[in-house]
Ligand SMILES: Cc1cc2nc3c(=O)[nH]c(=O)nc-3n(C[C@H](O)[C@H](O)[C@H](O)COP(=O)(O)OP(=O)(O)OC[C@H]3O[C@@H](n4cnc5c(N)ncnc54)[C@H](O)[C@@H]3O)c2cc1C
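Given next, in structure tokens, is a single chain: the form predicted on its own.
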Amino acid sequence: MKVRVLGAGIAGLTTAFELAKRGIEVEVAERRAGPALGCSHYAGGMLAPWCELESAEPLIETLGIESMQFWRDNFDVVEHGTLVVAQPRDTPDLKRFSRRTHQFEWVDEQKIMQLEPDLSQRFNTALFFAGEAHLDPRLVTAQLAHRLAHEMNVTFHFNTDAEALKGAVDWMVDCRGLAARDALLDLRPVKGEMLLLRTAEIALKRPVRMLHPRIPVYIVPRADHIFMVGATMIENSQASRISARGVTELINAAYALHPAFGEAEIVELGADLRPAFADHLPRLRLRGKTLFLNGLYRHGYLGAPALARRAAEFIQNGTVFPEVMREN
């Protein structure tokens, strides 16, 4: 059997992995110059299935728990949990957050001191999700693409549209994200804006979610004193446009978490469009011999491995997964 995967973002890469490990011949067509250069490039890399329940359906928890195991089994994952904080005036938002999720503990200032010493005098209570984790998306996608090409015999065609490839295949799996709107008319864009800051004045071991009155904001530590600050719910169809207001709000939120971020070096600004359906849940949709894997919204790294496994099981064995294969 031969399968052509369209798109080399996190959805396409994990789908290629799941197919190739089953002994299926796989080729990947990507219109960009390399893997994971679209919205996967600007992700936070948080593996937070329980935090996401604050605004997501239970299906995201199910997919997320499965995907976390995939990342743990195959790549480097930082297992330090997630901390959710709010300014004292926003304590009601913290309580509301707690009512919508689970697998956490309330922690006081002493516990915050143990977890994140630099935040202990700024927050006297928080939610700690000890079972969550995070990864560096750019590092992981580079490792995944290298493994696919050099260990699993997956063929990549970069700077290539699917129509340019010749030769018959048994199946195509379309993982093009928003580019698939020519076939999936109900896809819509949700913009994510992020910035990378560098400062040695503060140390964080884990992602910190700062409950914010206007936009959800998260700060994720990376190597070399770099922190990713992101927001993922901006409705906007202009992929590369970064608004002054958006950047200002991200910086203000980081400053509210700790003033040291006010003096941090801005290393990078970035934005891209995440594909979503109206209910923010992913889908596998069948059109002839093409299976569309799409609608991961802001749950790319959290949901893609689990969705990819379902796609591979369907192609290999015809297994149907009603939770993700419904049309509406």
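For every residue, the number given is its place in the sequence shown, counted from 1. Note that the coordinates shown come from a computational prediction; the quantities given were computed from them, not determined experimentally.
The same protein also exists as the form predicted together with this ligand; that form is not shown, yet it is the one meant from here on.
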Worksheet item: So which of 84 to 92, 193 to 201, 98 to 106, 254 to 262 is the stretch with heavy atoms within 4.5 Å of this ligand in the predicted complex?
Response: 193 to 201
Item to complete: Using the partner position in the predicted complex, report whether R32 sits within 4.5 Å of this ligand, counting heavy atoms only.
Response: yes
Worksheet item: If you check in the predicted complex, is R283 within 4.5 Å of this ligand, heavy atoms only?
Response: no
Item to complete: Determine whether any heavy atom of G44 comes within 4.5 Å of a heavy atom of this ligand in the predicted complex, and answer yes or no.
Response: yes
Discussion item. Is C39 part of the interface with this ligand in the predicted complex - any heavy atom within 4.5 Å?
Written reply: yes
Discussion item. Is it the case in the predicted complex that I10, A162 and Y297 each bring at least one heavy atom within 4.5 Å of this ligand?
Written reply: yes
Discussion item. Can you pick out, from Y218, F129, F123, F227, the residue that has a heavy atom within 4.5 Å of this ligand in the predicted complex?
Written reply: Y218
Worksheet item: Since the partner is left out here, which residues of 271 to 285 would have a heavy atom within 4.5 Å of this ligand in the predicted complex?
Response: D272, R274, P275
